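This document starts with one chain, in the form predicted on its own, laid out as structure tokens.
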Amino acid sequence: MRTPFRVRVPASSANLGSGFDTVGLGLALYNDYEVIDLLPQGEFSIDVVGEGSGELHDPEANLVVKSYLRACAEWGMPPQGLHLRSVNAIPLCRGLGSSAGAVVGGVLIANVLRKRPLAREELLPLMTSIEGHPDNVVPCCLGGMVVSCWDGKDLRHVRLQALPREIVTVVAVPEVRVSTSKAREALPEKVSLQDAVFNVGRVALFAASWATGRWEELPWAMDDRLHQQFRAKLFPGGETILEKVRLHRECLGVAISGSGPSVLAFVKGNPEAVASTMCRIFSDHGVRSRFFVLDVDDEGATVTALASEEA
């Protein structure tokens, strides 16, 4: 494909309670990375619209560019310079996979410029290596609900069935940030055998419930003892939201999205009622927030040519 072209990546929510570093879901909220032109090697011009517009212009700090360069180096390709325009709707550092989207976007840009582009599945190990874990990059790249395992070298993943139309995701996004590194530092190095067994049972139930459409089991299956009790303390209202939102009759399960601070609930019924409770709790704790009612993205990352008038 010749320039100009667009790489579109969806947001993603990882863990979903019990599936720490393993379960992830693609969401219908998108960043567009548009390659307007190719520049001489080493030259990058970056325009950013939307989320991160004031902080992502530096090529040395831009994860799309860094992932693109990593892929070029991996494949022995001369790294062509880029005129890149990012149109971002995924909030930064909020647990919705913005970094995974940048990794997927950068690798896909490099793949487009290969003489023989690889299939998306063949790109997943490199994407996972750059990100450090598969739970966001795999559903971002492939779409849908995915269970992934990575041992540092080999990657295995299974994509599960789509949600029925009557179930939507509600995501409350507070105006505070939690970095992934800080969220990981909050976790204990060791857990008890009892807590480990608890999570093994819950995530097994989660996968079985999703695979068979037993959605009524999700509230129990999304319970967790490995990470949420620690991460909920990192942002105002976290513990209260997890406690209160699950009491809604419309709620089929609630969890911290990724490492937080966004909170995601599966809702069958009135999503506004659940969203209102989430945002009210954040407000009660002195934090402004917004919410999204999102479908699951089942397509994953896409590459399309840009018409000349769009570029």
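The numbering used is simple: start at 1 and walk along the sequence shown. Note that the coordinates shown come from a computational prediction; the quantities given were computed from them, not determined experimentally.
Separately, the form predicted together with ligand HSE exists; it is not shown, and the next lines address it.
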| property | result |
| --- | --- |
| In the model of the complex, S259 touching ligand HSE (heavy atom, 4.5 Å) | yes |
| 4.5 Å heavy atom contact, T180 to ligand HSE in the model of the complex | yes |
| Partner contact for N15 in the model of the complex: ligand HSE, 4.5 angstroms, heavy atom | yes |
| Contact test in the model of the complex: D21 vs ligand HSE, heavy atoms, 4.5 Å | yes |
| The unique member of R159, R225, H133, R85 whose heavy atoms fall within 4.5 Å of ligand HSE in the model of the complex | H133 |
| Which of 122-130, 207-215, 135-143, 70-78 sits within 4.5 Å of ligand HSE in the model of the complex, heavy atom basis | 135-143 |
| Residues of 183-209 having any heavy atom within 4.5 Å of ligand HSE in the model of the complex, listed in sequence order | R184 |
